[in-house]
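Next up: just one chain, as structure tokens, the form predicted on its own.
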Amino acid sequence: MNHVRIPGVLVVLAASMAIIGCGKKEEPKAAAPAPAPAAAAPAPAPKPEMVVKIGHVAPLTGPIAHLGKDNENGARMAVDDANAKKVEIDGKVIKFELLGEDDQADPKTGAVVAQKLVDAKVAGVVGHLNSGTTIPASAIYNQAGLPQISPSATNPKYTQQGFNTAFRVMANDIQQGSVVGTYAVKDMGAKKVAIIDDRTAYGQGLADEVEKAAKAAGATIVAREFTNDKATDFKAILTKIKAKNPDVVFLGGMDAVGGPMLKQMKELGIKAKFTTGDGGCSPELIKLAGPASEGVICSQAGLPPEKLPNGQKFLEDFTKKYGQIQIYSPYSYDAVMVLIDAMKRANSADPVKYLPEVGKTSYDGVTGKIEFDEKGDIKNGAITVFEIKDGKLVTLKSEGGSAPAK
């Protein structure tokens, strides 16, 4: 038998290869590298900002500074609320700034600060408080083409000048005087009425309207006296009035005059009921007159705070921030918001561009629906009659006013 001989070297080599092959571990495969993270989208560039100045004017010093500060606080809260919403106009985030000025309830000072606001390049003005300062200032704003909205000037002449820049967000004295004069006769039973005014545009203007309405309702005007808005001693004119034995005494003036006048009426034993308009229809009158204010009948050119259509949140926020509302702060708040609303609709804070939109306003404010007639007066303005009872203003009746759209 033939044997094939295999060389020993080959046998050894084959065995070695078999041993190596059987004992080799398979190395784990390296994990595939993680894909590189996608590049983050670039953050959007912040929108450019623009400062828009709104002027506000009221008496911040003097006898009715409390009313002026009330107005300014309403305007300031509107600016704060607008800034919190980050209003955008023409692709820019707007930061509104309120430039407040003190006109001291003086017509000459009012004209000076009006020009100051024009020079400061404000986009619009809320103010003034008094008719006597609002009317002369309105000519300056009109010449500059600046929208002006008064929250409290009620003399009809303000919007009868033909200025397309002049607006107001409350009823005027034709409406208020008619309600007060008629109420004195029809509801209070007055047959003889004595009238006093402070010779300001507001006081005299309202007194004139009350006289017309009282006469039309059948009363006789037994006295027509006047004082001034800085006076504190009224005994001379009150003594003359006492001799006429009126049923009702009406004051066309502010609470700073009405408070001491009421005290002096009581001291002189005048039994006539006392009535006054919105300038004296305030918590301050009660504070100044004390017990002599009990039973006073007064009016405001607007709805009472508790009946403001959108006003409950405003009342809560304002009271928490600034304390008790005097009279006009809700209207000052709305006046600022009407300017801003017109800017948004025009997509511009340039008075030349947004002024036409102010006249087209249809805005649901805290005081109700705000729309203007061709003169700049609010449509369907409200008048409310109050009585002071136990140191508080108690609503007797309201006329007019527009509810907001639902």
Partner chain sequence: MDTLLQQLINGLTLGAVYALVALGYTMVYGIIGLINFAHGEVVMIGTMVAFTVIVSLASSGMSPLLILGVGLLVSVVVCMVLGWALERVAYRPLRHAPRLTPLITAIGMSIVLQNVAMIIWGRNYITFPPMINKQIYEIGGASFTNVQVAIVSLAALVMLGLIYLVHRTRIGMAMRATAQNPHVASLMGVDINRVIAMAFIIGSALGAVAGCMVGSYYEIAHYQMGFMLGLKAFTAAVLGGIGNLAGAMAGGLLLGLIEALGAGYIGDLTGDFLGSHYQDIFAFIVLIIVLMFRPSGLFGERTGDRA
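Residue numbers count along the first chain shown, from 1. Keep in mind that what you see is a predicted model, and the values were worked out from it rather than measured.
The discussion below concerns the form predicted together with the partner chain, not included here.
Stretch-level contact analysis of 252-260, 84-92, 332-340, 178-186 against the partner chain in the model of the complex, using heavy atoms and a 4.5 Å limit, identifies 252-260. Heavy atoms of Ser362 never reach within 4.5 Å of the partner chain in the model of the complex, leaving it off the interface.
Not displayed here, the partner chain is kept clear of Ala216 by more than 4.5 Å at the level of heavy atoms in the model of the complex. For the chain shown alone, Glu211 is not a contact residue for the partner chain in the model of the complex, no non-hydrogen atom being within 4.5 angstroms. Contact between Leu355 and the partner chain in the model of the complex is not found at the 4.5 Å heavy atom cutoff. A single residue from the set Thr319, Asn245, Thr239, Gln312 has any heavy atom within 4.5 angstroms of the partner chain in the model of the complex; that residue is Thr239. Taking a 4.5 Å heavy atom cutoff to the partner chain in the model of the complex, the contact residue among Lys266, Lys307, Lys192, Lys273 is Lys266. Contacts between stretch 271-286 and the partner chain, counted in the model of the complex as any heavy atom lying within 4.5 Å, involve Glu284 alone. A change of 3 Å or more separates the two forms for Pro63 and Pro291: their C-alpha atoms lie farther apart in the model of the complex. Between Leu285 and Gln312, the Cα spacing is smaller in the model of the complex than in the shown form, differing by no less than 3 Å.
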